[in-house]
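In structure tokens, one chain follows: the form predicted on its own.
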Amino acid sequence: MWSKLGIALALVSAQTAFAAGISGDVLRAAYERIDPAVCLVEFSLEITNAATGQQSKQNRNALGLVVTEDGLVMTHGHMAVENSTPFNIKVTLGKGDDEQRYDAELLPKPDDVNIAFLQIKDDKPLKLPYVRFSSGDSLQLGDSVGMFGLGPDTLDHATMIQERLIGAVLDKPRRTYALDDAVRFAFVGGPVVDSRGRAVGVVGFDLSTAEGGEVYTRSGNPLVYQASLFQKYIDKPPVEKEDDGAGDAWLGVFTQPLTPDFARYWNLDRDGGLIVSTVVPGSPAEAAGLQSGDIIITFDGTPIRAKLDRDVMGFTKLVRDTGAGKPVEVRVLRDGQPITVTVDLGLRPPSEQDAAEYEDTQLGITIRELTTDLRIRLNLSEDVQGVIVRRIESGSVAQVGKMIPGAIIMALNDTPIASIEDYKNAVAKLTEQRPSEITVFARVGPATGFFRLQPRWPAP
């Protein structure tokens, strides 16, 4: 995969660039140790436009890093974001005659750090070169670090090194090391070494809320994710969650920060807070009497001083970690006057990201349950019952019938659909009856109507 020219160029440029930072001898030793574990990840991506339901496919590649000898690969978390599905994942490792290409599968993405993991699949046991990490929590402001990344196609994706400085050390909402300059995306997910040549972390970007970011959001600036943030996932690779968030506490509000502009507009002498923009129907917040327009200033005794969007994510984590079933006091400003309400926190319902799916191979569609957050985003009242079309297989019965992703299936023939189980039962019944046409009553945006499908039943 990598040419000798590419490696030579990388080492020469590294020796020159790091003359004033990390010594060339340290870098050469780190390169020899780490390079065999750096790999190229190639994959296809099916992307669904959340607004229109239209789907597109792209081919992409990324840097991967083998972190266990049996083929656990770490890569950047942008590979696994909402409304995109990676498939046909290939991992290329080694050089020249020793180059090997493996199939791999994407594991569930961690919730607290923007990193994804792949597991190489092979018929025989693997014993691959891999990177071991040391603690990166001792990095200091101004320290030089070396970043490993992939060169462009013209250099055969050779492993390359660049120098950066730790430009800022941020302690809240978690310890974060910010790099002092931009990096090429081919370095994202690559290992970072300190002045002693130890692998102490990887380059990363936090996701914005629009990209699916949750608790920690410092999007737009390259960071060093120190090993303490992800070593637990190397020791115990992530698996599918069985409880879909069971145990996480839920308040049931959508909020936005009380910016200085809002505070001045309402003549509030407040150093931040959270404005309640929406109270979810049937939620603990509604039961406690919280209202849209309330400004949350304390939660369970903790002052809330949110001024930025990322502070909202911190509040979400605070609520989740409090514990379901616990009564908590929430102090709010309502019409400028402080009041206190007691909320019995409930269990967080499944989110759109957690929602159960079902693939109907007969009609060629994948459906997903309607979750609370999806209903709010689509402005669906509780009387709209059904399942939402997530994907449509190319050339399928559903595609021929002009169905589109984002359509909400409310009935199949005369059978109402309110859940995935209803859909499964309806399809099983239709398979027995084998009608020449299936009428699908669905909602697309604000309109409702019918799709007429002509199934291709298998021979009896």
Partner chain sequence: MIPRIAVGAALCAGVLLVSNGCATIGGSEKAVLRAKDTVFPALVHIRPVKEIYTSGKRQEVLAIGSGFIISPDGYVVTNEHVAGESKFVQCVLSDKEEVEAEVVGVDTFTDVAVLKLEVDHRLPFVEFGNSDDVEAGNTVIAMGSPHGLARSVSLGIVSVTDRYLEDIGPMTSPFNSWIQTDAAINPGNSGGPLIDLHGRVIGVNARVLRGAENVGFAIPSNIVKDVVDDIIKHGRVQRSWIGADLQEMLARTDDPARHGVIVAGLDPISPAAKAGIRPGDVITAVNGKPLHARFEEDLPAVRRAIAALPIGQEATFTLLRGEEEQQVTLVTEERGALRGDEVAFDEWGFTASELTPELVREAQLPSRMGVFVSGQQVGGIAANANLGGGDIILRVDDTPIQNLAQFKEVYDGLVASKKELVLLFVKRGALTRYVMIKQTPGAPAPAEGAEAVNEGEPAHVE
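What we label the rigid core is the largest C-alpha set whose atoms superpose within 1.5 Å from one form to the other. This one's a predicted model, so the numbers in the text were calculated from it and none came from an experiment. Residue numbers count along the first chain shown, from 1.
What follows is about the form predicted together with its partner chain, which we do not show.
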property	result
4.5 Å heavy atom contact, I234 to its partner chain in the model of the complex	no
N379, heavy atom within 4.5 angstroms of its partner chain in the model of the complex	yes
Exercise: S277 in contact with its partner chain in the model of the complex, heavy atom 4.5 Å	yes
Contact test in the model of the complex: G289 vs its partner chain, heavy atoms, 4.5 Å	no
The single option of K326, K127, R196, R264 touching its partner chain in the model of the complex, heavy atom within 4.5 Å	R264
Partner-contacting position among V188, V91, V319, A306 - heavy atom within 4.5 Å of its partner chain in the model of the complex	V319
Stretch from 358-366, 311-319, 197-205, 102-110 whose residues place a heavy atom within 4.5 Å of its partner chain in the model of the complex	311-319
Residues in 248-264 close to its partner chain in the model of the complex, defined by a heavy atom within 4.5 Å, in order	A249, W250, L251, G252, V253, F254, T255, Q256, D261, F262, R264
Core-aligned CA displacement of V279 at least 2 Å between this form and the one not shown	yes
After fitting the core, E32 CA displacement of 2 Å or more between this form and the one not shown	no
C-alpha of V253 moved at least 2 Å between this form and the one not shown on rigid core	yes
